[in-house]
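Next up: a single chain in structure tokens, the form predicted on its own.
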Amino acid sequence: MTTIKDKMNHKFRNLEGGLFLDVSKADVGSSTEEFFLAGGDNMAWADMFYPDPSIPLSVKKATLACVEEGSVSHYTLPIGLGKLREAVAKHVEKKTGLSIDPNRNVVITPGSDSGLLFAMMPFIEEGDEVLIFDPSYPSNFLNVQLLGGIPVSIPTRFDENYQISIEELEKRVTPKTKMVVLTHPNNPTTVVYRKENLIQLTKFIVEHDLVLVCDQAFEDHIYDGIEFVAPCTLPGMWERTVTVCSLSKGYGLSGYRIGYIYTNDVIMDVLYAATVNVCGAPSTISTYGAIAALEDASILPSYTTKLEKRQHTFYEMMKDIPGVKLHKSESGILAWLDIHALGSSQEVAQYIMKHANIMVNEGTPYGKEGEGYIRIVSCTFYEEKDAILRYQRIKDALIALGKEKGF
């Protein structure tokens, strides 16, 4: 006898959302919500300053004004309001030096998660192979599978600071390879790929006539003077790159659900045609908040200063824990810890949950190379003192586990 699951598309049939079995993702399943309701702290969601109120004043004023004047109850354009696309284009030019047309090169999406899937959809057909750096964002792998493609992991390594190996790419490229997916800066490792490394990568992409989907959700906060280079600005790449970005990670506006894609007009014409079917229309109230955020030049510099200090504090507190290794975070709001010596990702994450009352991420959803690591969202809580209290609890738990393991 067949079951309802047997009737499902095979790409979805084996997915598990935590209703019947425990899953290692921290954003699904009722047990996660129960943990938070019982007073557990969440350092597993990449949500800057969570759970504290942190809307910039300019954004708050624009959001409230949208409610007061009544436009919030109506649609905006499916591709995004023109004024928001103009603000995005100015932001992209300031960030990358690339001059783009807001009416031909930008589409607004309800966050970068849906934007990432949308960016892949026009290209991936059944059996296409997609090269994905490992570890990286879990959706990079799952999106490809949902679209009928085959994700091919390209290992990157802690002792090489996770920079890309062209040799590893060449080992795995085949006539079926169509796309490279790059998360830059990387989630979870926080690494910023260096210009010389990106030049090697883009030469490989051009040589093999591939498409690049580049997720730049964490691009707004780069530390220690490291240069950020958008791959689409390198030779031969504009015509074959789709870049996906977000206001969630840089501006701390995760709940606003505003992301955007920019690319050349040939690709964008196809995205425009499918936007209403795939994305609907962006939230009107969030649109006006996003415009205000992008037009307020004071937000990002002040947050970068705050977050860089936070990341330095985290690193100094964790770097000497027996059995733990980490690099100082190069970008964003995350930290990536090598805990091979203390146990599996699941064992260590569960130990922290039990002994520190804090949820962190197991490394395994981030790829084959994620086992033996944990991801911590180190820039939760608005006040540093509140974050440091949680850092200390994590540190104490890791030290205690280390002693149990003989360190």
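Residue numbers run from 1 along the displayed sequence. All figures in this text were calculated on a predicted structure; none of them were measured in a lab.
Another form exists, predicted together with a small molecule; not displayed. Remarks below refer to it.
Among 143, 112, 202, 190, which has at least one heavy atom within 4.5 Å of the small molecule in the predicted complex?
It is 112 that has a heavy atom within 4.5 Å of the partner.
Work out which of 131, 294, 116, 279 lies within 4.5 Å of the small molecule in the predicted complex, going by heavy atoms.
Contact residue from the list: 116.
Between the small molecule and 346, 369 and 373, in the predicted complex, does every residue show a non-hydrogen atom at 4.5 Å or closer?
Verified in the predicted complex; spot residues all out of contact, no.
Within 4.5 Å, heavy atoms only: does residue 246 come near the small molecule in the predicted complex?
Result yes; residue 246 sits at the interface with the small molecule in the predicted complex.
Please tell me whether any heavy atom belonging to residue 137 falls inside 4.5 Å of a heavy atom of the small molecule, as the geometry stands in the predicted complex.
The answer is yes: residue 137 has a heavy atom within 4.5 Å of the small molecule.
Does at least one non-hydrogen atom of residue 48 fall within 4.5 angstroms of the small molecule in the predicted complex?
No, no contact at 4.5 Å.
Answer yes if any heavy atom of residue 84 is within 4.5 Å of a heavy atom of the small molecule in the predicted complex; otherwise answer no.
Residue 84: no contact with the small molecule in the predicted complex.
Just one stretch in 266-274, 214-222, 193-201, 76-84 has heavy atoms within 4.5 Å of the small molecule in the predicted complex, so which one is it?
The contacting stretch here is 214-222.
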